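As structure tokens, one chain now follows by itself in the form predicted alone.
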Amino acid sequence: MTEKSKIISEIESKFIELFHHEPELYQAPGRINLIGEHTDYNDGFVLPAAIDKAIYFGVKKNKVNKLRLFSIDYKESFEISMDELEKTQVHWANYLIGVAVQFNKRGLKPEGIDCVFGGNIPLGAGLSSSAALECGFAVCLNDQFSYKIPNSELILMAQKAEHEFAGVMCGIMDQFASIFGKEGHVMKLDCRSLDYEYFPLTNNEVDVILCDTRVSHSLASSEYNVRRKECEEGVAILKKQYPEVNALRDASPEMLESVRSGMSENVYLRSHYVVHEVVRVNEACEALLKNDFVTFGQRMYATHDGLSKEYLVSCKELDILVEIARKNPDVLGARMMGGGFGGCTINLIRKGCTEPFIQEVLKEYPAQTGINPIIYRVKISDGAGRLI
């Protein structure tokens, strides 16, 4: 029995035990982001993909006008009236309540719903388990109550739930990748217009390996909001000289240099990273069209250097993992992924050369940090939906 099958079986059994009827099943994947980090809330471009690690949901309408939840991972139940949905002290429940509230705000007023959920997206690894939870539950409610809200709207509703109920002012990328993922493809998403296009990156060409530092320096959420403010300061300074600049995405490297003297060092460095990261995403997509994974990987390394030295969201452990990768000629590119201060590196490796790299990491990383890393092999997969 596969890991996925075990999770689904446990969800079904628990659902029947708690609610005495059969659930309908849904899934929503986590995501990786090949390149384009911290550009989403700057209206830039990102290059994410959904992966074969997901949150699975057993769901069914009930007749008691309550939201009745059970988390497999936390082994905890939660219940609230659909007429009294509000933020609670139960952190994990807030993500689902927040989604239900978005339906209420549209005047749709979902009736009672039962939900048991669990998954295999590693927590704290930067694979967007929160977006998968939000998007998956939005898909569940939309389908259960036949609302027919387009996926593009569900994404925005899930993002709003994160803003209002989790307190993280995230961009749109995580939710977008969880819903619009396509097997064997990455997507270039324009975070301003939400236009997107797919680029093939099949599981037959390269391996994608994630190396989990197993550290979390608990700065990611607070520093995320600080970085966002610093970027806004950069835009305000640029706009005085270049009125067409509404986000860092609109600024060229030359524009930035021309106003550098009016910026604090922090604001300049954050802005410099984002402006150049937007350029790198476009260059990386051009490389994919040519099947040029060497150039693509070089851009990944450049992204990590910017995140570490300019955006200051890396940490010693992430930097060590990237340096281990950089010494291996079969690792085409590597970088930290996600909010930062821990979590995973993403590594693009020549097909068939994965095992020696994994062994290097398992040896070198503990020798330098005293921590045993976790290695995740991931495949690029489809987005959220109902399980048939």
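Heads up: residue numbers just count along the shown sequence, starting at 1. Quick caveat, the model's predicted, so the values are computed rather than measured.
Omitted from view is the form predicted in complex with a small molecule, to which the following refers.
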Exercise for the section: Give a yes or no on whether every one of Trp92, Tyr95 and Gly126 sits within 4.5 angstroms of the small molecule in the predicted complex by heavy atom. Expected result: yes
Handout entry: Residue contact check: Gly297 to the small molecule in the predicted complex, 4.5 Å heavy atom
Key = no
Practice task
Answer for Tyr273 alone: is it within 4.5 Å of the small molecule in the predicted complex, judged on heavy atom distances?
Solution key: no
Practice task
Indicate whether the small molecule has at least one heavy atom within 4.5 Å of a heavy atom of Val116 in the predicted complex.
Solution key: no
Problem - in the predicted complex, Glu162 touching the small molecule (heavy atom, 4.5 Å) - result: yes
Problem - Contact stretch among 72-80, 223-231, 103-111, 250-258 - heavy atom within 4.5 Å of the small molecule in the predicted complex - result: 72-80
Exercise for the section: Name the single residue among Cys211, Leu189, Ala284, Leu133 that comes within 4.5 Å of the small molecule in the predicted complex, judging by heavy atoms. Expected result: Leu133
Completion exercise
Of Ala334, Ile55, Cys344, Val46, the only residue with a heavy atom within 4.5 Å of the small molecule in the predicted complex is Ile55
